[in-house]
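We give structure tokens for two forms of one protein chain below, kept apart as structure 1 and structure 2.
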Structure 1
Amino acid sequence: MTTTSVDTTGRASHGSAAGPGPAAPAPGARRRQPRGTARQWTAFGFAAPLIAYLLVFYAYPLWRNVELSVHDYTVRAFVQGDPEFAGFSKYAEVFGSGSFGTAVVNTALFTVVSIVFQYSIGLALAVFFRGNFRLSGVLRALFLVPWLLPLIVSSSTWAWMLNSENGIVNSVIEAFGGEQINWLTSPDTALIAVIIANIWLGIPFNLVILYAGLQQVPPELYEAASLDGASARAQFWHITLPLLRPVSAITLLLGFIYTLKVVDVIWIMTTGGPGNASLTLAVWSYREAFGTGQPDFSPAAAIGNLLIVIALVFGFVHLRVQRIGGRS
């Protein structure tokens, strides 16, 4: 009902525009200038809360963060507000630190391994759920649960499951004759443990996005391929994967950016330890600023700014790739 009435009014307004009124509509964009500026002020008014919000609650904290990184902020300087200017010495300190190499390697391993597994498992599940079967909707919804749980809940559950003496994972391993693994307390396995938990956390996100991407692939393609006798495997490699490329690119990029900034999971499970065994850049930043009794904000802010730069570089690369992809 409403849509039809709306349609008529819409058409009616077009009719009057063609009449004696304000002349032809399409090329007359410039004629609407006076109304245009008024409209712009209205638009600005509606956007004003957001602009103010971004300035006060985004730009200002980020600016403070830059300021932190180029000064020597001790706790005392924090309270008194008279830190010494340090230039880029805090950055030099970070780059020269013994933890830097470890943190970079761990960050790379953590993000790349997490994403590879999240994506491939997510894609396999998305393909599996594509063929509608009984209960598929319900099961797909249940797969979202890990993603919706507070990170502290899932991380502490994993920490307990991977506990050396009482954890379920070790008791299964021992039941099959294996040896107890000190998942969270041995430097050899701590990073693996947090990666496992993080893969589990990321699967739902990948599944949902890739599943939505699969819905866009016209089913006729698969029908035609089946008629031509293409196997399921061939269909996957020659239809699903190529057509899913744009969606895959977004999924991987978002996954990269989220994984880069993960703190909670690692902090709750291992606090980056033992030693630096599971220390990533984000966790290092958190540890310097808030994790020890002696907060050291300046290097922490420097590491944080480094993380922003990395994320931005990948963001720009993504935008460029997307633009090139859009042109072709």
Structure 2
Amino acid sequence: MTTTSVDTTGRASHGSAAGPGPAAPAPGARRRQPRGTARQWTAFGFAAPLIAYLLVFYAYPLWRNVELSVHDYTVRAFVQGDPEFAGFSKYAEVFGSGSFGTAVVNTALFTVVSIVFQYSIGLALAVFFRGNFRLSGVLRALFLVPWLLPLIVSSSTWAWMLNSENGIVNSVIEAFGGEQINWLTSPDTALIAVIIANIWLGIPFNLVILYAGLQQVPPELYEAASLDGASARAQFWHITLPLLRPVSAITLLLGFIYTLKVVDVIWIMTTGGPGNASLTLAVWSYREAFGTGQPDFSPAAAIGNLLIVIALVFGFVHLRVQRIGGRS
């Protein structure tokens, strides 16, 4: 239905019976922001602290380390801030050093052997404690002691235990008719000594992570396997290990990255010696920067960047493997 009205000028105007249309906004009215823009600003506000943290504690130190490695930073240049540009000469110096091959081999042995034993012993203990027998909680707490102690205390304790003259380890060996072993002063045993100490320090981490992963395995699977006549060994290989694969992957990756950069344990026990017998890339980097009376920061930074590249490569390999495993 349409109504006709006459305005004050005498002209007819037509309008809908339902009433007038929407009123136009006032000239001074404030326009509301689109909802998508508000959400974007909210998301940025939540992400800003994380972005600032990454820039300050990751991006800037990484850039600074690269900048150190391509300049000739002596102590004077470091203080005055006028180092000469050296390009990749410091990297060539590192790769051409006689210590490079020894450090790479020792790093590989130290990392691989430590991770294999830490993971194996940690997994065995996690499976053992899964039974929740009496005093299992107390024993698990005792196994966490190496993780809770300061590294300088643990390393000093191991250095005393493996002392050639009055260490408790040699005392036990001699009590059983064995000969004294120069654990920390012989080139043949120095690397073995620091590996043993590092394995002891890393077992609690593997135990905690793998034990937590085992708690996510449904007990019904083990009950069904037992009813089918599967032995404990078969249950371990066909239930425990496959279901722990994601947890094991991240445990091994974190263990690799941590072990790759271990300095304090080796430095306190042997300082990378005797000679270069227990020298790793991380210890070599520390020795170049702070371990001598003449600090050389540029080679130390170059070695540190090499460690970063190695860790990144294994990190990307881990992500690739996880992605392929997720598709299959």
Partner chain sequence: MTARPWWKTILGVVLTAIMLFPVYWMVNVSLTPTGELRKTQWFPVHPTLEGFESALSQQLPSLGTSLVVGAGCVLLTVVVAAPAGYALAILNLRGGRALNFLLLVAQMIPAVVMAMGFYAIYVRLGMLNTVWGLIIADSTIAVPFGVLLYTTFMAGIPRELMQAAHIDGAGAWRTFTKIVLPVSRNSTLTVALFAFLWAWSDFIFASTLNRSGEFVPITLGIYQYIGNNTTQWNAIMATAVVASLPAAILLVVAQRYVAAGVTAGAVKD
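As the structure is a prediction and not an experimental result, all values here were calculated from the model. For the two forms, the rigid core is made up of the largest set of C-alpha atoms that agree within 1.5 Å on superposition. Residue numbering: sequential along structure 1, first residue numbered 1.
Mark the structure, either 1 or 2, that is the form predicted alone.
Pick structure 2 here.
Tell me, please, whether between structure 1 and structure 2 the C-alpha of residue 275 is shifted by 2 Å or more, with the rigid core used for superposition.
No; that C-alpha moves by less than 2 Å between structure 1 and structure 2.
2 Å or more on the CA of residue 60 between structure 1 and structure 2, with the rigid core superposed, yes or no?
Comparing forms between structure 1 and structure 2, the residue 60 CA shifts at least 2 Å.
Any chance the CA of residue 290 moves 2 angstroms or more between structure 1 and structure 2, core superposed?
False for residue 290: its C-alpha shift is below 2 Å.
After superposing on the rigid core, how much does the Cα of residue 50 shift between structure 1 and structure 2, in Å?
A shift of 4.1 Å at the C-alpha.
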